[in-house]
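So this first bit is one chain, no partners, the form predicted on its own, shown in structure tokens.
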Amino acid sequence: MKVLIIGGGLSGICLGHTFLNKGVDFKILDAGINHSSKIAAGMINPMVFRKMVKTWKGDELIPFLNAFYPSIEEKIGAKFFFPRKIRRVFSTQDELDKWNQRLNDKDYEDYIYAFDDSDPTPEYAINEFGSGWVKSPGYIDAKIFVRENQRYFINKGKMITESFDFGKFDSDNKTYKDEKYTHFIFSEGYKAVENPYFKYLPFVLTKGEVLSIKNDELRKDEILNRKCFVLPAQDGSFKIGSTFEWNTTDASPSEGAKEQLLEQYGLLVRSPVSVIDQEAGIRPTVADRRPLIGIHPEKESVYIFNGMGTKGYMLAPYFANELYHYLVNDTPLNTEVDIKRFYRKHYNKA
């Protein structure tokens, strides 16, 4: 088994470590773009606040990532996974009522808990309806994660920094630049919309923007969340995010997004800030909000591992492992992520 992974962002990195741990021969080809992987806040949020329910497959995803990321840190000698709990500030009385219902539900005892008098909500938080703690594993510093993992793979001779040339790809003979591989896995992020093998899939690209701010009053041991998040970074700054702009590939920061984020911040925190940076990236989100994983319906060597979306740092480790078992042990993929769910519409086959 010899694998070429096209794309060295979050998905490609998680596949690389999975294959390395399992003894699979592979190389990663990366164009050096990775917009969303690098600018993502990397927050691990196990709750969907709109409905006040656990995130999809959270009971499996969170234990897996809690083991996966520390093992990579130890392997590459870099720290990028930082524990932080999330303080959810409620938007309405109805949200508070739903939260209180969950507090009495044993299925949620590993996800949320109530405040006690020993840790009151900070005075700067606008807190009309109260707040509660989310037991988040923390967050991934995306810049460190991408930079240090790519450096690690380059040093091991496992990553090449160049764009994939479709003109030199022979899918029938399973070669790229005349070199033979058994599997080609495309993990290109939003660039998949230009991929001739997978552009039929229902990507709904979303531009996300994040601000870096300076504020000496905010607590550095927690993440604030309501309408936006306020996340403490390792350099002493804070990140405010994130926006959603649909169906665009323009990854440049915009003044409108900056104003929107500062407005949302002002509804959450009564403490002035100074903006020190603004970043934007394109997320490879999907119409049904599930990853896109599996084999091309007509090309037996061509695969995709993409569409992780806004919860990518939660999803990618677990599903990289699932793809490995699919390739090696013929273990079926989860039907909700398998691209076979789109075969019938586009290829008239199940």
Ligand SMILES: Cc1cc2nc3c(=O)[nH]c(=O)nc-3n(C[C@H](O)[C@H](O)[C@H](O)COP(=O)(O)OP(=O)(O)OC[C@H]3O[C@@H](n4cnc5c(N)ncnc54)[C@H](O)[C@@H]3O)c2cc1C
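Note that residue numbering follows the sequence shown and begins at 1. Because the structure is predicted, anything quoted here is derived from the model rather than measured.
The same protein has a further form, the form predicted together with this ligand, not shown here; the description that follows concerns it.
- Residues within 4.5 angstroms of this ligand in the predicted complex, judged by any non-hydrogen atom, belong to 22-30 and to none of the other stretches in 22-30, 54-62, 320-328, 294-302.
- Only one of the listed residues (I213, L224, V269, V210) places a non-hydrogen atom within 4.5 angstroms of this ligand in the predicted complex, and that residue is V210.
- Interface residue remark: P46 is not counted as part of the site for this ligand in the predicted complex, having no heavy atom within 4.5 Å.
- Using a 4.5 angstroms threshold between heavy atoms, F164 counts as touching this ligand in the predicted complex.
- Contact between F238 and this ligand in the predicted complex is not found at the 4.5 Å heavy atom cutoff.
- R88 falls outside the set of residues with a heavy atom inside 4.5 Å of this ligand in the predicted complex.
- Along 307-346, residues M308, G309, T310, K311, G312, Y313, M314 each place a heavy atom within 4.5 Å of this ligand in the predicted complex.
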